[in-house]
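In structure tokens, the next block holds one chain alone, the form predicted on its own.
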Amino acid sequence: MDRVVLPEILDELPPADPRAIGSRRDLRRINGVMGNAGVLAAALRAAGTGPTAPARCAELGAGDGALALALARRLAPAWPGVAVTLVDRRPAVTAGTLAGFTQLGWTATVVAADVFAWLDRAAAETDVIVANLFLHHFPEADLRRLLARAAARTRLFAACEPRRSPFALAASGLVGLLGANAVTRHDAVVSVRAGFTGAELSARWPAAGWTLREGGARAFSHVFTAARAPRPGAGG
């Protein structure tokens, strides 16, 4: 299956549109079925963050922040007091989600921004950057540009994306059985066609001096991590 990137309906809907609200609810359910929070947590633990726990994390394309909160619940015992930035062009993070981070001892900041603009202007390095069902939105040139900017801003990058395979494509056509609305039914198929397989993200990572891991996870996901080797003189 060749990779094909097409527009997704949810990306163009205002956050308050009832169809968008329903689709975000569908995505929370689909993320649960795919187990993406668990996949990302396991990938981050396996990649490691060096001798110290991260202080600053960010999710690109964070949407309603539900995935980031689910990830935080898994990581907070080992990563206390993290400041997390939720970056999205059209964020839809609720007060309840922000309160969930506070209960974990994390501080969450919502940033409404284009991901390239945010990566370009971020003043300090972000220890960990994650992306969930986000990288597949980008055609080749933009994907390489995004990964290059992320590599310049972090020491650990992790992404969980749709796996591009005939089986995943067939399954994406059945999300209506989960009660998904028309937006989600359309976007699920488009997402799989734009997903990844093999070592495609590793081949696009722009820098040397990183440990890269990539492969399938569970039935429908594709996971990628890039961990920067410690700089000379760094602890550990």
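Fair warning: this is a prediction, and the values are worked out from it, not measured in the lab. The numbering used is simple: start at 1 and walk along the sequence shown.
What comes next is about the form predicted together with a small molecule, which is not displayed.
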{"property": "Full three-residue contact with the small molecule in the predicted complex, heavy atom 4.5 Å, for Ala150, Arg204 and Val223", "result": "no"}
{"property": "4.5 Å heavy atom contact, Pro54 and the small molecule in the predicted complex", "result": "no"}
{"property": "4.5 Å heavy atom contact, Asn181 and the small molecule in the predicted complex", "result": "no"}
{"property": "In the predicted complex, Asp114 touching the small molecule (heavy atom, 4.5 Å)", "result": "yes"}
{"property": "Interface membership of Val110, the small molecule in the predicted complex, 4.5 Å heavy atom rule", "result": "no"}
{"property": "Interface residue in the predicted complex among Leu75, Leu133, Ala122, Val93, criterion: non-hydrogen atom within 4.5 angstroms of the small molecule", "result": "Leu133"}
{"property": "Among the candidates Leu44, Ala168, Ala188, Ala62, the residue which, in the predicted complex, approaches the small molecule to within 4.5 Å (heavy atoms)", "result": "Ala62"}
{"property": "Proximity to the small molecule in the predicted complex (heavy atom, within 4.5 Å), stretch among 96-104, 76-84, 135-143, 150-158", "result": "135-143"}
